[in-house]
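The form predicted alone is given below as one chain in structure tokens.
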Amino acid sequence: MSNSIGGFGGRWTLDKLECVRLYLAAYAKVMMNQNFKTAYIDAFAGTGYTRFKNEKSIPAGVFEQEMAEPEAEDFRQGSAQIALGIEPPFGKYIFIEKDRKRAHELEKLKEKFPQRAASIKIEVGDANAELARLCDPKMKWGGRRAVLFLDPYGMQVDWSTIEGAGRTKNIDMLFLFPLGMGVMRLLRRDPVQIPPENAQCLTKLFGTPDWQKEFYVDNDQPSIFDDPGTDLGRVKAATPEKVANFWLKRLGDAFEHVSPKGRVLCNSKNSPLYLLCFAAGNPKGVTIMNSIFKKSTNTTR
């Protein structure tokens, strides 16, 4: 995803993109001598670029050369461009973007990567709907393999989308789960205080209302104003670690193989922002991704 419109990346963004790059490179080499049609699917493709607010804080030379124009020097290649630069190439590149302006920017990638132009397909639409179509049980996935990158702008991914990808048995999925930037912000101290629309959003993401049982416990701390026997309700017991573990457990219900811990991406204050997680139908993918996740940086834990 590129957050170049209305947002900025940071060091954690570089770490995320590096994980994606390393896995795509390893995947491409593994699939090179196998007789499968391969695809890279970027469901929230953005513009193809990622913008950084403070370029001085970003080490130079992490990815390929930046755009030459001085006015664009704070832009770097996003996941779409990283995928297009991988050798050997994927058979097809499917970029999904709901915003037409961003989709228009993606079209320019055909000019920047002319050798890949015929393989690039840009779908303008809702990611959940487009992925439902691609992962429809009627689709024949026997001779196909794909890597799916889900990097939403918020909490737009539905559980049905995760289930659909897992059902194919042939999709390797990298998902930037909205840990601190989404779920933790919606969880109030008292579950009664959660607006219905937010509770519905959490249920759609997790695919079950059981998050209420996981993240809240009976309140056993009465105040001096409470009468004996008063129902004190429930109180939040969720921590980023507990939310991450619950999500990874749910992910295991949709995919046969899941990286057991994923990788927590943190801001400069070491506060968790996202959980980059991985799931696949083939255990070899998890072995590769586990190795990538183990590489430590000061933006993860």
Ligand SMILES: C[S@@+](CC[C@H](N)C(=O)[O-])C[C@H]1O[C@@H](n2cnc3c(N)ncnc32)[C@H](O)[C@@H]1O
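All figures in this text were calculated on a predicted structure; none of them were measured in a lab. Residue numbers run from 1 along the displayed sequence.
Keep in mind the form predicted together with the ligand is missing from the figure; the text below concerns it.
Put simply, of 125, 195, 209, 88 only one has a heavy atom within 4.5 Å of the ligand in the model of the complex, and it is 125. Residue-level contacts in the model of the complex: of 163, 105, 214, 99, one residue has a heavy atom within 4.5 Å of the ligand, and it is 99. The candidate stretches are 148 to 156, 133 to 141, 183 to 191, 201 to 209, and the one lying within 4.5 Å of the ligand in the model of the complex by heavy atoms is 148 to 156. The closest non-hydrogen atom of residue 46 lies within 4.5 Å of the ligand in the model of the complex. The closest non-hydrogen atom of residue 17 lies within 4.5 Å of the ligand in the model of the complex. A residue is said to contact a partner when one of its heavy atoms sits within 4.5 Å of a partner heavy atom; residue 168 fails this definition for the ligand in the model of the complex, lying far away.
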